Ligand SMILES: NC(=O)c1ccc[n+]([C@@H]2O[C@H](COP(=O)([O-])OP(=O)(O)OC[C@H]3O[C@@H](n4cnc5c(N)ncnc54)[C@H](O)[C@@H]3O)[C@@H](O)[C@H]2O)c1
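Only one chain comes next, encoded as structure tokens, the form predicted on its own.
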């Protein structure tokens, strides 16, 4: 009988830059020319059928003009496309087009695109590099940063995926002007979430400048983008694989993700998270974690941003309560919620846990009241 130990202990540096600016397409191509992904010359540009004409085609043509092989891989826009079948379709199309391990994936679009493309890159040929070019406020605040990539299932969102860090993230604020107002509003949910969990001064800034966001005031948009990156970076740097601290980024998502699924994606992600944040501060107030005054400030800011804070009438409340159990934070079949501590901090419980058990009847009471 023989026994062999395979020693694979290693240190991996997954650091990357986030560049915030305006019309960064040419900067992306120049960075590639300067060795961002080494000597790779083949680029699979993954995008949706709306972003294709707005941004992805320009990037594809610029790469081709620079002498690279570049091809678009396009899928129907919307959360309903963030599924295994669409990922399979992209992979099959890339294989048919001759893409192998000597390629790089570029995600051009919002959160659905960055999730799908990042997951595809992580498994394609057992892993190829990828770059995120975020074109939506929501992706800039959340999905394009941190390396969490996943697809949805009929049971719940984001239950199948991997941690996969990009080579670089580009946040193109100019692209926000191409967004429908509803999409821009949706992006504010993750921004407000970040302020709620980490920075009271940023929360106060949003209270004062929320109207300037929709007026596309340049310095306000830049400040918001930078603060989002700083807050998320600070968390991800300490807990890349969501062992404990990174759970705080799920603030408002226990109810938010559940209602997004139960609505059959009639609600945008940010709209669902807005409702989830409103539910969280109501429940948190009942536990004494946040005062009535601060609870009302959070709900007022969500409403000022144009986000919903009540559950739509078409949502079956009992179905929503059941759907809470598909949340990633559930342990041993028991609900767990992240709670903010006042405004600008989060609750920490025993043994460095950032989520606590919540009896179903407490969650139901809040849901029924909304």
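Note that this is a predicted model, so its numbers are computed, not measured. Numbering follows the first chain given and starts at 1.
A second form of this protein, the form predicted in complex with the named molecule, is not displayed here; the remarks below concern that form.
Colleague: With a 4.5 Å heavy atom cut-off, would you call residue 345 a contact of the named molecule in the model of the complex?
Modeller: Residue-level check for residue 345: no, no contact with the named molecule.
Colleague: Taking the named molecule as it sits in the model of the complex, is residue 123 near enough to touch it, meaning that at least one heavy atom pair lies within 4.5 angstroms?
Modeller: Answer no; every heavy atom of residue 123 is more than 4.5 Å from the named molecule in the model of the complex.
Colleague: Could you confirm whether residue 54 comes within 4.5 Å of the named molecule in the model of the complex, counting heavy atoms only?
Modeller: Residue 54 belongs to the contact set for the named molecule.
Colleague: Is residue 50 close to the named molecule in the model of the complex, meaning a heavy atom pair under 4.5 Å apart or at it?
Modeller: Yes - in the model of the complex, heavy atoms of residue 50 and the named molecule come within 4.5 Å of each other.
Colleague: With the partner left out here, if you bring back the named molecule in the model of the complex, are 112, 175 and 180 all within 4.5 Å of it by some heavy atom?
Modeller: Verified in the model of the complex; spot residues all in contact, yes.
Colleague: Partner absent here, but in the model of the complex, which of 286-294, 205-213, 78-86, 95-103 has residues with a heavy atom within 4.5 Å of the named molecule?
Modeller: Correct option: 78-86.
Colleague: Heavy atom within 4.5 Å of the named molecule in the model of the complex: which of 138, 279, 251, 298?
Modeller: Comparing distances to the named molecule in the model of the complex, the residue within 4.5 Å is 138.
Colleague: Quick check on this chain: which one of 261, 158, 71, 164 has a heavy atom within 4.5 Å of the named molecule in the model of the complex?
Modeller: Partner contact (heavy atom, 4.5 Å) among the options: 158.
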